[in-house]
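A single chain, nothing else alongside it, follows as structure tokens in the form predicted on its own.
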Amino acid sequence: MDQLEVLIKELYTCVREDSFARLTLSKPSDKTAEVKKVIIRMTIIKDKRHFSFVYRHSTKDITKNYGVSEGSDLIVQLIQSDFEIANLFTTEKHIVVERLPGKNFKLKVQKQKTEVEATRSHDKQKKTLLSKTDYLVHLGVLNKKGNIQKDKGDKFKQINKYVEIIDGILRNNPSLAKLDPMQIVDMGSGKGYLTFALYDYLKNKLGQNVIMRGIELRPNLIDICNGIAQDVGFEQLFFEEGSIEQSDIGEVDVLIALHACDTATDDAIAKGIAANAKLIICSPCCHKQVRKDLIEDNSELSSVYQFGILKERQAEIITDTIRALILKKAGYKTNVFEFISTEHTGKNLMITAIKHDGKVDVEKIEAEIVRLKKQFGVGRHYLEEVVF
């Protein structure tokens, strides 16, 4: 029996005896491979054991679960072809296998020096910033036992990530947390998942005096969200009917527009700037205006524009870059980053803008915008028209 077969036998034995703790695969055979390491543990899903694979990339982790039989076959395949080192930890042993040049393997077995547990928990929740969760039950994200609904895992992660981002902004800008009351408007609030979560975090976690309004075009969602707010005791959270373009938001400290389609994002940004909002948060959706306005006969970019998907992505980059520059011109410290991994949502870009009192080189920023539009053949940007 060769050394690889010894490892495979030990793997099957510890799985059968339920003493499997974890398996780590490292040192990819292909040095250019995106996956740098795979960490495998055992979890319980619907009362059955599964292997949970965490594929570690340079900038992100992706988790996938497999049944024991399928997962075992995949482990063997990865050891044989994709990774050169395997560390198997059981409750009793630590086994290391290293692939040598050719087809040989070197194996080392040692007893565990410290106690190792074969944990079997699934969906271990990291510390959440949410205080109450009954509204998530009403919204169908959690069941009555407080567990995540089968098809709502991505939504729950998105909600928590959203609150984490705002928590970080408030920690780095303590003057925002001192607003009393903090007046927030969420434009295009939809079903209210993120609206409820932010109110919960500010009111119940931070003890902030907050008055929050969700503006939504669909009357049925307004009725549902107002009913939930009343049921869960969110007394200063209100939902009202209206469009982003036509709503009069009045005085506002924080303006939010998540997944507002095309130029609706621009309308929201313009209203935030006009209201001198201290914080503007947007997650753009669709970028039709600039895409339609790109100059088709731009010879330098014709090779890009011939492919629809690349032209669309180019339009997204240009659109959001100019939005960020316009916000800077209006006196905001602006950042553009990935909201959450595309594994959980395709609408994953976020723009945050924090008002400051520093000096702004308006002419320089205007020149940047002009140069950018000229370089990429953009005739106009809607946000320029509604802001300045």
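Keep in mind that this is a model prediction, so the values were computed, not measured. Numbering starts at 1 and follows the sequence shown.
As for the form predicted together with a small molecule, it is not shown, yet the points below apply to it.
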Option from 273-281, 252-260, 311-319, 78-86 whose residues, in the model of the complex, bring a heavy atom within 4.5 Å of the small molecule
252-260
Does the trio A21, H50 and G71 actually contact the small molecule in the model of the complex, every residue with a heavy atom within 4.5 Å?
no
Heavy atom within 4.5 Å of the small molecule in the model of the complex: which of V163, L294, V137, L217?
L217
S175, N104, T91, S243: which sits within 4.5 Å of the small molecule in the model of the complex by any heavy atom?
S243
Please check if A264 has a heavy atom lying within 4.5 Å of any heavy atom of the small molecule in the model of the complex.
yes
Is there any non-hydrogen atom of F234 lying within 4.5 Å of the small molecule in the model of the complex?
no
Taking the small molecule as it sits in the model of the complex, is K155 in contact with it (heavy atom to heavy atom, 4.5 Å or less)?
yes
Could you confirm whether C225 comes within 4.5 Å of the small molecule in the model of the complex, counting heavy atoms only?
no
